[in-house]
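Here you get one chain, nothing else, as structure tokens; it is the form predicted alone.
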Amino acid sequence: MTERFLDGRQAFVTGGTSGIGLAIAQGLAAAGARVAINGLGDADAIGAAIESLRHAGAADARHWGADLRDAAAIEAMLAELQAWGRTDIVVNCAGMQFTGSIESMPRERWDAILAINLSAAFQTMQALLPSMAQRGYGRIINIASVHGLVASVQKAPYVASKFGLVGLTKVAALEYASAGSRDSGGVTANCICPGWVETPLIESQIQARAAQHGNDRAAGIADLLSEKQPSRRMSSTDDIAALSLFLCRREAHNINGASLPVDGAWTAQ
């Protein structure tokens, strides 16, 4: 059983209804936190996500469906969140991707990706960091990407947003580094930069590669990863959740302003 070191804490996870975000929210719940999530999904999917948080051990759980492209909607959500309780942990996990060359990239796609991947994170941090500093404990965990550290073709807005998120996180770390103490846990801001993570979103790609190898799933994954991820194995959503949970511990008070790759040595090349 996970140690309930987050009893009495409140966490907020964007992109928390599925994939990496939901796994992180479940980990926080198991550690005792009240957990608020924002994310997409129909009523059944959202209900299942909330139920999974309660089953994991959340002191309480709630969903907000604000559109993260809309600053006014985010502002209203954050006001309600703060009325619900003080937020000690923010995980900005919501993200959007669209591939295409710089030449062909529709401007509306650029605007939407920057809004969700970067501007929404800025807005949550701006609203919630000051009260964390007053209490002497707070955690900002931004789920960036290897594409916040290295670039790839056909991904201009995604790469720009993730490089921006890494930079924003470093600024927040510097501005709040002296808040709190070792005993209180301090206030930290860090990025996790995953490479390939096994989620339902990439299952079709796995299956396509597996079909080229006699329906051998492991061989298909290795082939898919062979170009960039030297380990040739994917991370799980639980791997990312475990790292996120460690960053919330008091002992992580001096891990601050870091961009932590979980990428099978992709960015070591």
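Don't overthink the numbering: it's just position in the shown sequence, from 1. Treat the numbers as computed from the prediction; the structure is a model and nothing was measured.
Just so you know, the form predicted in complex with a small molecule exists too; it's not on screen, but the next bit is about it.
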Contact flag, A144 vs the small molecule in the predicted complex, heavy atom cut 4.5 Å:
yes
Indicate whether the small molecule has at least one heavy atom within 4.5 Å of a heavy atom of L68 in the predicted complex.
yes
Are any of the heavy atoms in R139 no more than 4.5 Å from a heavy atom of the small molecule in the predicted complex?
no
Find out whether any non-hydrogen atom of Q134 is located within 4.5 angstroms of the small molecule in the predicted complex, and reply yes or no.
no
Just to be sure I understand the contacts: of V166, I116, A172, L81, which is the one whose heavy atoms reach within 4.5 angstroms of the small molecule in the predicted complex?
I116
Looking at Q123, S184, S152, T199, which is the one with a non-hydrogen atom within 4.5 Å of the small molecule in the predicted complex?
T199
Within 4.5 angstroms, counting heavy atoms, which one of the listed stretches 214-222, 53-61, 39-47, 25-33 is next to the small molecule in the predicted complex?
39-47
